[in-house]
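Read the single chain below, which is given as C-alpha coordinates and is the form predicted alone.
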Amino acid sequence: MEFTVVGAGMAGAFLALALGRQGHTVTVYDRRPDPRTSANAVTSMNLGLSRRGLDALDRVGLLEEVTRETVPMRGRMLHGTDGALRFSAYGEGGILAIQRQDLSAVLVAAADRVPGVRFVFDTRCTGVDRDLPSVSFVDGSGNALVVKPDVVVGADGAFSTVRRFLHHDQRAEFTQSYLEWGWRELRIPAAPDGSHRMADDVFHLWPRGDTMMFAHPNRDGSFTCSCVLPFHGPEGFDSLTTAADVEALFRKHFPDVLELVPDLGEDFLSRPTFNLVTVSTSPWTHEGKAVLIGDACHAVYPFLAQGMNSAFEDALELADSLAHHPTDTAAALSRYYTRRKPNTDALATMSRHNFAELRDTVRSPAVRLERACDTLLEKLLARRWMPLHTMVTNTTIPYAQAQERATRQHRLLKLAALTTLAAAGTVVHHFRRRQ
(Lines give C-alpha, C1' and ligand atoms only; values in the text may rest on other atoms or scores of the structure.)
Protein backbone atom coordinates (compact mmCIF):
# COMPACT_ATOMS: atom_id res chain seq x y z
CA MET A 1 0.00 0.00 0.00
CA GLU A 2 1.24 3.51 -0.78
CA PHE A 3 1.15 6.25 1.86
CA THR A 4 1.82 9.97 1.61
CA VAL A 5 2.67 11.42 5.01
CA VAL A 6 2.53 15.19 5.42
CA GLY A 7 4.92 16.20 8.19
CA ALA A 8 8.32 14.71 9.08
CA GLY A 9 8.23 15.53 12.78
CA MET A 10 8.10 13.00 15.61
CA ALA A 11 4.79 11.43 14.52
CA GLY A 12 5.42 11.42 10.77
CA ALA A 13 8.98 10.10 10.82
CA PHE A 14 8.18 7.40 13.38
CA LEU A 15 5.09 6.31 11.43
CA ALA A 16 7.12 6.14 8.20
CA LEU A 17 9.57 3.83 9.95
CA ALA A 18 6.80 1.60 11.33
CA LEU A 19 4.92 1.39 8.01
CA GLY A 20 8.10 0.87 6.01
CA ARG A 21 9.05 -2.07 8.20
CA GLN A 22 5.65 -3.59 7.35
CA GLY A 23 6.49 -3.39 3.65
CA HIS A 24 4.42 -0.34 2.71
CA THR A 25 5.65 2.38 0.35
CA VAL A 26 5.88 5.69 2.22
CA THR A 27 6.81 9.18 1.05
CA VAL A 28 7.07 11.88 3.70
CA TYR A 29 6.86 15.56 2.76
CA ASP A 30 7.81 18.45 5.04
CA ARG A 31 7.99 22.20 4.52
CA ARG A 32 11.11 22.42 6.69
CA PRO A 33 14.73 21.50 5.81
CA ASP A 34 16.17 18.06 6.46
CA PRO A 35 16.98 17.86 10.21
CA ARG A 36 20.03 15.74 9.44
CA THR A 37 21.74 18.58 7.60
CA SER A 38 20.15 21.70 9.03
CA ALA A 39 19.98 23.08 12.57
CA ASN A 40 16.85 25.05 11.63
CA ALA A 41 14.68 23.13 14.06
CA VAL A 42 11.31 24.34 15.27
CA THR A 43 11.68 25.80 18.75
CA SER A 44 9.96 23.58 21.28
CA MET A 45 10.26 22.55 24.86
CA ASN A 46 12.82 19.78 25.23
CA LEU A 47 11.38 16.30 24.94
CA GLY A 48 11.05 13.72 27.70
CA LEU A 49 11.08 10.05 26.76
CA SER A 50 9.03 8.02 29.24
CA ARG A 51 8.21 4.31 29.34
CA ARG A 52 5.68 4.58 26.49
CA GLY A 53 8.11 6.22 24.13
CA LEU A 54 10.96 3.90 25.07
CA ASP A 55 8.81 0.81 24.48
CA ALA A 56 7.74 2.20 21.11
CA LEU A 57 11.35 2.84 20.08
CA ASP A 58 12.25 -0.67 21.20
CA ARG A 59 9.55 -2.11 18.93
CA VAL A 60 11.09 -0.46 15.87
CA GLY A 61 14.66 -1.32 16.89
CA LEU A 62 15.79 2.21 17.76
CA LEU A 63 15.99 2.13 21.54
CA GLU A 64 19.75 1.80 21.85
CA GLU A 65 20.52 4.36 19.15
CA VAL A 66 18.17 6.98 20.59
CA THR A 67 19.25 6.36 24.19
CA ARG A 68 22.79 7.43 23.26
CA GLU A 69 21.39 10.91 22.54
CA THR A 70 19.63 11.30 25.90
CA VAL A 71 20.33 12.52 29.42
CA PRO A 72 18.65 10.48 32.20
CA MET A 73 16.50 12.40 34.69
CA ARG A 74 15.89 10.34 37.84
CA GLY A 75 13.47 12.82 39.40
CA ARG A 76 12.29 16.38 39.84
CA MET A 77 14.25 19.06 41.70
CA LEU A 78 12.09 21.86 43.11
CA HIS A 79 13.85 25.21 43.58
CA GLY A 80 12.60 27.49 46.34
CA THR A 81 12.95 31.28 46.23
CA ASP A 82 15.35 31.00 49.19
CA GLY A 83 17.62 28.62 47.28
CA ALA A 84 16.33 25.53 49.08
CA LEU A 85 16.13 22.37 46.96
CA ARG A 86 13.62 19.53 47.32
CA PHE A 87 14.04 16.32 45.34
CA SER A 88 11.19 14.04 44.27
CA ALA A 89 12.06 10.75 42.55
CA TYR A 90 10.28 9.71 39.38
CA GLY A 91 10.41 6.04 40.21
CA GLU A 92 11.57 3.09 38.16
CA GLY A 93 13.20 4.10 34.88
CA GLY A 94 12.87 7.86 35.28
CA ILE A 95 12.60 10.04 32.17
CA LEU A 96 15.20 10.61 29.45
CA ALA A 97 15.70 14.16 28.20
CA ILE A 98 16.46 14.64 24.52
CA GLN A 99 16.60 17.61 22.21
CA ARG A 100 14.03 17.61 19.41
CA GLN A 101 16.66 18.19 16.73
CA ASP A 102 18.66 15.15 17.82
CA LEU A 103 15.68 12.80 17.98
CA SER A 104 14.27 14.07 14.70
CA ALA A 105 17.55 13.42 12.92
CA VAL A 106 17.76 9.86 14.28
CA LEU A 107 14.17 9.03 13.31
CA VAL A 108 14.49 10.41 9.78
CA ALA A 109 17.81 8.64 9.22
CA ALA A 110 16.41 5.32 10.47
CA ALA A 111 13.25 5.55 8.36
CA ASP A 112 15.26 6.60 5.31
CA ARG A 113 17.27 3.39 5.56
CA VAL A 114 14.14 1.28 5.14
CA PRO A 115 13.43 0.21 1.54
CA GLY A 116 10.32 1.92 0.20
CA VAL A 117 10.58 4.97 2.49
CA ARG A 118 11.76 8.36 1.25
CA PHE A 119 11.67 11.98 2.46
CA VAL A 120 11.07 15.18 0.50
CA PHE A 121 11.96 18.36 2.40
CA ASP A 122 11.41 22.06 1.70
CA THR A 123 8.06 21.15 0.18
CA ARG A 124 4.82 22.66 1.45
CA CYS A 125 1.37 21.04 1.37
CA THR A 126 -1.15 23.34 -0.34
CA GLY A 127 -4.22 21.11 -0.67
CA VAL A 128 -5.78 17.70 -0.15
CA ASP A 129 -8.54 15.97 -2.10
CA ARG A 130 -9.82 13.54 0.50
CA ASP A 131 -11.96 11.56 -1.93
CA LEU A 132 -9.38 10.67 -4.62
CA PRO A 133 -7.21 10.91 -2.46
CA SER A 134 -4.51 13.29 -3.68
CA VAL A 135 -2.19 15.87 -2.14
CA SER A 136 -0.87 19.07 -3.73
CA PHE A 137 2.56 20.50 -2.88
CA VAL A 138 4.82 23.39 -3.80
CA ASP A 139 8.58 22.83 -3.52
CA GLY A 140 11.26 25.31 -2.53
CA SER A 141 11.63 26.51 -6.13
CA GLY A 142 7.93 27.21 -6.51
CA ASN A 143 7.21 24.12 -8.59
CA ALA A 144 3.81 22.49 -8.05
CA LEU A 145 3.29 18.75 -7.82
CA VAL A 146 0.36 16.44 -7.10
CA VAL A 147 0.64 12.92 -5.72
CA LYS A 148 -2.07 10.25 -5.58
CA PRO A 149 -1.37 7.64 -2.88
CA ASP A 150 -3.71 5.04 -1.43
CA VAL A 151 -3.80 6.84 1.95
CA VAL A 152 -2.96 10.38 3.04
CA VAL A 153 -1.64 10.84 6.58
CA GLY A 154 -1.78 14.24 8.26
CA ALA A 155 1.15 14.42 10.69
CA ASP A 156 1.57 18.15 10.23
CA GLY A 157 1.01 19.40 13.76
CA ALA A 158 -1.53 21.38 15.74
CA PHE A 159 -2.26 23.76 12.85
CA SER A 160 -2.60 20.94 10.33
CA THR A 161 -3.27 21.75 6.68
CA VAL A 162 -4.40 18.17 6.06
CA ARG A 163 -6.99 18.43 8.83
CA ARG A 164 -8.41 21.64 7.35
CA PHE A 165 -9.03 19.97 3.97
CA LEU A 166 -10.14 16.71 5.55
CA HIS A 167 -12.91 18.49 7.46
CA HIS A 168 -13.93 21.03 4.82
CA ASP A 169 -17.72 21.00 4.37
CA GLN A 170 -17.99 18.06 6.76
CA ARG A 171 -19.85 17.76 10.07
CA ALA A 172 -16.55 17.68 11.90
CA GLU A 173 -15.94 18.74 15.49
CA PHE A 174 -12.98 20.93 16.30
CA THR A 175 -11.91 22.81 19.42
CA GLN A 176 -8.74 24.79 19.99
CA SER A 177 -8.00 26.24 23.41
CA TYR A 178 -5.19 28.56 24.44
CA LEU A 179 -3.89 29.10 27.94
CA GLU A 180 -3.56 32.66 29.22
CA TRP A 181 0.10 31.79 29.68
CA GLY A 182 2.87 31.53 27.10
CA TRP A 183 6.52 30.55 27.25
CA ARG A 184 9.97 31.65 26.19
CA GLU A 185 13.09 29.58 25.93
CA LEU A 186 16.31 30.36 27.78
CA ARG A 187 19.61 28.53 27.70
CA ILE A 188 21.93 28.02 30.65
CA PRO A 189 25.35 27.48 29.08
CA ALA A 190 27.83 24.89 30.25
CA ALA A 191 30.53 25.81 32.73
CA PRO A 192 33.97 26.66 31.29
CA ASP A 193 35.08 23.04 31.77
CA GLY A 194 32.01 21.79 29.87
CA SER A 195 30.17 20.52 32.94
CA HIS A 196 26.61 21.31 33.97
CA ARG A 197 26.12 24.27 36.32
CA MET A 198 23.31 22.46 38.20
CA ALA A 199 22.52 18.82 38.94
CA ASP A 200 22.56 17.09 35.56
CA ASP A 201 20.36 14.08 36.32
CA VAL A 202 17.08 15.78 37.28
CA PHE A 203 14.28 17.86 35.83
CA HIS A 204 14.56 21.30 37.43
CA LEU A 205 11.33 23.08 38.37
CA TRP A 206 10.70 26.55 39.78
CA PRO A 207 6.94 26.61 40.61
CA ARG A 208 5.73 30.07 41.60
CA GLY A 209 1.96 30.06 41.19
CA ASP A 210 1.17 32.13 38.10
CA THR A 211 4.77 31.95 36.92
CA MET A 212 7.06 28.97 36.63
CA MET A 213 10.19 27.78 34.92
CA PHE A 214 11.66 24.39 34.22
CA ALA A 215 14.91 23.13 32.75
CA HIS A 216 16.08 19.97 31.00
CA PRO A 217 19.78 18.97 30.95
CA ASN A 218 21.51 18.58 27.59
CA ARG A 219 24.47 16.38 26.71
CA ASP A 220 26.74 19.36 25.98
CA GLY A 221 26.56 20.61 29.58
CA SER A 222 23.88 23.21 28.92
CA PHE A 223 20.25 23.36 30.06
CA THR A 224 17.25 24.28 27.96
CA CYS A 225 14.84 26.31 30.10
CA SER A 226 11.20 27.13 29.48
CA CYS A 227 9.90 30.19 31.28
CA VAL A 228 6.10 30.17 31.59
CA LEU A 229 4.41 33.50 32.32
CA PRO A 230 0.95 35.01 31.82
CA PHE A 231 0.64 37.15 28.69
CA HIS A 232 -0.84 40.05 30.65
CA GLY A 233 -0.57 41.49 34.14
CA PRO A 234 2.15 42.93 36.38
CA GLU A 235 4.32 39.84 35.86
CA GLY A 236 3.18 39.08 32.34
CA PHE A 237 5.12 39.22 29.08
CA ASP A 238 3.53 42.54 28.15
CA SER A 239 4.94 44.16 31.32
CA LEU A 240 8.52 43.06 30.68
CA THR A 241 9.78 45.79 28.36
CA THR A 242 13.32 46.35 29.61
CA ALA A 243 16.21 44.19 30.74
CA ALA A 244 15.79 45.65 34.20
CA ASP A 245 12.15 44.45 34.28
CA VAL A 246 13.22 40.93 33.40
CA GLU A 247 16.03 40.87 35.94
CA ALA A 248 13.69 42.14 38.66
CA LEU A 249 11.24 39.32 37.89
CA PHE A 250 14.01 36.71 38.03
CA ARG A 251 15.46 38.22 41.19
CA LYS A 252 12.05 37.77 42.83
CA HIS A 253 11.08 34.34 41.51
CA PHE A 254 14.17 32.63 40.08
CA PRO A 255 17.15 34.22 41.87
CA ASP A 256 19.45 31.22 41.45
CA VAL A 257 19.15 31.48 37.65
CA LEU A 258 20.31 35.10 37.39
CA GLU A 259 24.00 34.28 37.68
CA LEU A 260 23.75 31.29 35.33
CA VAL A 261 22.57 33.11 32.18
CA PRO A 262 24.85 35.82 30.77
CA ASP A 263 23.00 39.06 29.90
CA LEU A 264 19.77 37.40 30.99
CA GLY A 265 17.56 40.47 30.54
CA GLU A 266 18.61 41.21 26.97
CA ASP A 267 18.64 37.52 26.07
CA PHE A 268 15.10 37.05 27.38
CA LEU A 269 13.74 40.08 25.49
CA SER A 270 15.33 38.92 22.22
CA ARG A 271 13.46 35.62 22.21
CA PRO A 272 9.98 34.99 20.79
CA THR A 273 6.97 34.13 22.94
CA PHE A 274 5.12 30.91 22.14
CA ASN A 275 1.52 29.94 22.78
CA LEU A 276 0.32 26.93 24.75
CA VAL A 277 -2.50 25.30 22.80
CA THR A 278 -4.56 22.14 22.97
CA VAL A 279 -6.52 20.74 20.02
CA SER A 280 -9.34 18.21 19.93
CA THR A 281 -11.07 17.09 16.76
CA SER A 282 -13.30 14.40 15.35
CA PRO A 283 -13.30 12.43 13.11
CA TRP A 284 -9.66 11.59 12.45
CA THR A 285 -10.33 9.55 9.32
CA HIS A 286 -12.12 9.70 5.99
CA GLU A 287 -13.37 6.56 4.21
CA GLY A 288 -10.12 4.66 4.54
CA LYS A 289 -8.37 7.29 2.40
CA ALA A 290 -7.08 9.83 4.92
CA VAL A 291 -6.12 9.83 8.58
CA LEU A 292 -4.69 12.21 11.19
CA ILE A 293 -2.00 11.41 13.73
CA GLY A 294 -0.24 13.14 16.63
CA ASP A 295 -0.76 16.85 17.23
CA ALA A 296 -2.83 17.13 14.05
CA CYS A 297 -5.70 15.46 15.91
CA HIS A 298 -4.88 15.83 19.63
CA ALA A 299 -2.31 18.46 20.54
CA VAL A 300 -2.01 18.76 24.32
CA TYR A 301 -0.42 21.15 26.78
CA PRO A 302 3.16 19.96 27.41
CA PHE A 303 3.08 19.72 31.20
CA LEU A 304 2.92 15.92 31.39
CA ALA A 305 5.63 15.59 28.72
CA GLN A 306 3.53 13.10 26.77
CA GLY A 307 3.01 14.70 23.36
CA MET A 308 5.79 12.78 21.63
CA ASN A 309 5.19 9.60 23.62
CA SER A 310 1.50 9.58 22.69
CA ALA A 311 2.36 10.27 19.03
CA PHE A 312 4.56 7.16 19.00
CA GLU A 313 1.65 5.20 20.47
CA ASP A 314 -0.59 6.59 17.69
CA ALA A 315 1.83 5.38 15.05
CA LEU A 316 2.07 1.88 16.48
CA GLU A 317 -1.72 1.65 16.89
CA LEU A 318 -2.21 2.71 13.27
CA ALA A 319 0.39 0.22 12.03
CA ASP A 320 -1.14 -2.55 14.16
CA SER A 321 -4.64 -1.73 12.90
CA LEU A 322 -3.48 -1.92 9.28
CA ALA A 323 -1.94 -5.32 10.03
CA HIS A 324 -5.19 -6.37 11.75
CA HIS A 325 -7.25 -5.45 8.66
CA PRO A 326 -4.80 -5.95 5.75
CA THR A 327 -7.54 -5.93 3.08
CA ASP A 328 -9.88 -3.32 4.55
CA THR A 329 -8.23 0.05 5.04
CA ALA A 330 -11.45 1.75 6.14
CA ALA A 331 -11.86 -0.80 8.94
CA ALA A 332 -8.21 -0.40 9.90
CA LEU A 333 -8.45 3.38 10.19
CA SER A 334 -11.71 3.11 12.11
CA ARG A 335 -10.13 0.66 14.56
CA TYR A 336 -7.18 3.03 15.08
CA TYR A 337 -9.49 5.98 15.78
CA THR A 338 -11.77 4.02 18.11
CA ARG A 339 -8.89 2.70 20.18
CA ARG A 340 -6.92 5.94 20.43
CA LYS A 341 -9.52 8.71 20.76
CA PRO A 342 -10.62 7.96 24.39
CA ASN A 343 -7.00 7.81 25.49
CA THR A 344 -5.91 11.06 23.87
CA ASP A 345 -9.00 12.80 25.28
CA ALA A 346 -7.97 11.59 28.72
CA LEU A 347 -4.40 12.79 28.14
CA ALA A 348 -5.66 16.27 27.22
CA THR A 349 -7.67 16.49 30.43
CA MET A 350 -4.82 15.23 32.58
CA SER A 351 -2.33 17.63 30.95
CA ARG A 352 -4.62 20.58 31.67
CA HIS A 353 -5.03 19.52 35.30
CA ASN A 354 -1.30 18.91 35.70
CA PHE A 355 -0.57 22.50 34.70
CA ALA A 356 -2.78 23.72 37.55
CA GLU A 357 -1.11 21.28 39.92
CA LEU A 358 2.39 22.41 38.92
CA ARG A 359 1.41 26.02 39.56
CA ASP A 360 -0.02 25.09 42.97
CA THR A 361 2.83 22.84 44.09
CA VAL A 362 4.28 25.52 46.36
CA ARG A 363 1.25 27.56 47.41
CA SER A 364 -1.22 24.73 48.09
CA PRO A 365 -0.67 22.56 51.19
CA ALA A 366 -3.51 20.31 49.98
CA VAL A 367 -1.62 19.48 46.77
CA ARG A 368 1.56 18.71 48.70
CA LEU A 369 -0.35 16.57 51.21
CA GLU A 370 -2.06 14.54 48.49
CA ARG A 371 1.25 13.93 46.74
CA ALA A 372 2.82 12.81 50.02
CA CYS A 373 -0.08 10.40 50.65
CA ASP A 374 0.22 9.08 47.10
CA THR A 375 3.93 8.42 47.59
CA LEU A 376 3.42 6.71 50.94
CA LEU A 377 0.60 4.49 49.69
CA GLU A 378 2.62 3.54 46.62
CA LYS A 379 5.42 2.31 48.90
CA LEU A 380 3.04 0.47 51.24
CA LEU A 381 0.76 -1.09 48.62
CA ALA A 382 3.19 -1.53 45.74
CA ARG A 383 1.39 -1.96 42.40
CA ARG A 384 -2.04 -1.82 44.03
CA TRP A 385 -1.69 1.96 44.38
CA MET A 386 0.05 4.15 41.81
CA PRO A 387 0.10 7.93 41.59
CA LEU A 388 -1.16 9.33 38.30
CA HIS A 389 2.28 10.57 37.28
CA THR A 390 3.70 7.10 37.81
CA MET A 391 1.01 5.49 35.65
CA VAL A 392 1.51 8.05 32.89
CA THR A 393 5.30 8.11 32.97
CA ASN A 394 6.52 4.70 34.13
CA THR A 395 3.94 2.35 32.62
CA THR A 396 2.06 1.79 29.38
CA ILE A 397 -1.34 1.68 31.07
CA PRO A 398 -3.72 3.34 28.55
CA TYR A 399 -4.27 6.98 29.44
CA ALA A 400 -8.03 6.56 29.93
CA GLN A 401 -7.49 3.69 32.36
CA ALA A 402 -4.83 5.67 34.23
CA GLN A 403 -7.19 8.63 34.53
CA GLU A 404 -10.04 6.43 35.79
CA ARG A 405 -7.81 4.69 38.34
CA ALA A 406 -6.36 7.99 39.59
CA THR A 407 -9.89 9.36 40.00
CA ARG A 408 -10.87 6.36 42.13
CA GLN A 409 -7.75 6.75 44.26
CA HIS A 410 -8.44 10.46 44.74
CA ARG A 411 -11.95 9.68 45.96
CA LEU A 412 -10.57 7.11 48.39
CA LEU A 413 -8.10 9.65 49.76
CA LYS A 414 -10.88 12.22 50.23
CA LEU A 415 -13.07 9.63 51.94
CA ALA A 416 -10.21 8.61 54.24
CA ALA A 417 -9.52 12.26 55.08
CA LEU A 418 -13.19 12.94 55.85
CA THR A 419 -13.43 9.79 57.96
CA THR A 420 -10.30 10.76 59.90
CA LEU A 421 -11.62 14.27 60.50
CA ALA A 422 -14.98 12.91 61.62
CA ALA A 423 -13.31 10.48 64.02
CA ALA A 424 -11.08 13.24 65.38
CA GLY A 425 -14.10 15.47 65.84
CA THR A 426 -15.93 12.75 67.75
CA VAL A 427 -12.95 12.24 70.06
CA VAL A 428 -12.62 15.97 70.73
CA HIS A 429 -16.37 16.28 71.37
CA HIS A 430 -16.31 13.32 73.77
CA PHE A 431 -13.29 14.73 75.60
CA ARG A 432 -14.92 18.14 76.02
CA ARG A 433 -18.14 16.57 77.41
CA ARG A 434 -16.12 14.64 79.99
CA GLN A 435 -14.51 17.90 81.08
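Because the structure is predicted, anything quoted here is derived from the model rather than measured. Don't overthink the numbering: it's just position in the shown sequence, from 1.
Not pictured, yet referred to below: the form predicted in complex with another copy of the chain.
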Q. Which one, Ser136, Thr338, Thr175, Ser239, lies within 4.5 Å of another copy of the chain in the model of the complex by heavy atoms?
A. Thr175
Q | Contacting member of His324, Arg251, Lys148, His232, with respect to another copy of the chain in the model of the complex [4.5 Å, heavy atom] | A | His232
Q) in the model of the complex, does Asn275 have a heavy atom within 4.5 Å of another copy of the chain? A) yes
Q) Is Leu179 one of the residues lying within 4.5 Å of another copy of the chain in the model of the complex, judged by heavy atom distances? A) yes
Q. Can any non-hydrogen atom of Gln170 be found within 4.5 angstroms of another copy of the chain in the model of the complex?
A. yes
Q: Tell me, please, which stretch of 239-247, 257-265, 196-204, 224-232 lies within 4.5 angstroms of another copy of the chain in the model of the complex when heavy atoms are compared?
A: 224-232
